[in-house]
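Given as C-alpha cells, the chain that follows is alone and in the form predicted on its own.
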C-alpha cells in the first residue's frame, strides 16, 4: 500500500509521541512517522487527543472517518494553508457565469473513460457492447453540446451511468448481478463494492484538492450544498471508470473478491467484511499509484497526481480562461 496513506481497521487510540503518530490497539502499538504521513483512514472506533489534532493540523494531515456500515462519516480537514481570496471570488463567479463550461467537459470526460474501459471487453469478444459504445462515442458529445441547462446535463449523465450499469451483465458473473443502483445502504455485493469504491475515490479527491487553492464547496456539475465537499464529487467523476470500476472488475473477475469470503453473511452480503475491505483497498491503492507517461506533460505521473492536475487545470480555467479538459485515458500512452 502507499506509504503516505495509513489505514486503520481496528479499534484503538491515536496519540502523538515525539515525531510520530501512534496507534495503540489491543495487541500493541503502531508508529506512523509524521513526515511520511499524508492522510489517515479510520474504519473502526478510534479516539484522538486534542494534542494529536493540533499536530495533524500543523502537518496538514487529512483524516477520513467511516462508520460500521462503511458509510463515510466525515473528514478532519486541517486549517487550509493555501488560501486565496482572489481565486475563491473568481471560482464563485465562474459558477455563476460559466457553470456549464466546466460541467460539460466533466460529463464528456466520464463518457470517454467509460468507453475506454468497456472497449477492452468489446475487443475481447463482448460484441453486445457495441451499441452502447457507439452511443457513448457518437451521440453523447452531441447531446452534451446541444444542452443549455444543468438539469438536462445531469439527466444525460444519469443515462450514461445507467447504460454503463446495464453492461455489467456482460462483464461480471451472476453472483455480482446488478438490477439497479442502490446506495444508502447498498442492497447486494456489487452495490456494496461500488459505494465503497466511490467513497474511497471521493475522499482521495478531497485530500488532493486540499493541496490546491481551490474552494471545496464551489462545484459546477454537482449542486453546491451544505455540509459536503461538492467539488470533490465533480473532479472525481471522470476517474470513477478508471479507478473504481476497473478495480471492481479486476477483483471480481480474477476472484480476488468473492461473495462467500469477502462479504458479511449476516447482512445479506451487502457489506464487505474486513478481509474484503483490505483486499479492495490494496487493489485500489495499487491502481491509484500506478504511473504512466502523460502525453502532454511528457513525464510519468500517477493517477493520484492526475487528480490534483485536474484541480490545477480548473484553476487555469478560472483565472486565465484556459479551456478546462479533465483527465481522459487518451492522455495516457
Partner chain sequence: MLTGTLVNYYTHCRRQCWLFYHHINMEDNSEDVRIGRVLHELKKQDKKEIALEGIKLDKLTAEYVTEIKKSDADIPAAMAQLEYYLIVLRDKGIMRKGRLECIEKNKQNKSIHTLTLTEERMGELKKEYRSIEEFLNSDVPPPPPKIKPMCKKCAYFEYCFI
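Remember, predicted model here, so these are calculated numbers, not experimental data. Numbering follows the first chain given and starts at 1.
Separately, the form predicted in complex with the partner chain exists; it is not shown, and the next lines address it.
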Interface membership of residue 296, the partner chain in the predicted bound form, 4.5 Å heavy atom rule: yes
Heavy atom of residue 87 within 4.5 Å of the partner chain in the predicted bound form: yes
Proximity of residue 9 to the partner chain in the predicted bound form, heavy atoms at 4.5 Å: no
Exercise: residue 256 in contact with the partner chain in the predicted bound form, heavy atom 4.5 Å: no
Triple contact flag 81, 312 and 322 to the partner chain in the predicted bound form, non-hydrogen atom at 4.5 angstroms: yes
Contact residue in the predicted bound form, from 58, 51, 265, 35 (heavy atom within 4.5 Å of the partner chain): 35
Contact assignment for the partner chain in the predicted bound form, among 211, 130, 155, 123, heavy atom within 4.5 Å: 211
Location of the partner chain contact in the predicted bound form, chosen stretch of 267-275, 62-70, 22-30, 35-43 [non-hydrogen atom, 4.5 Å]: 35-43
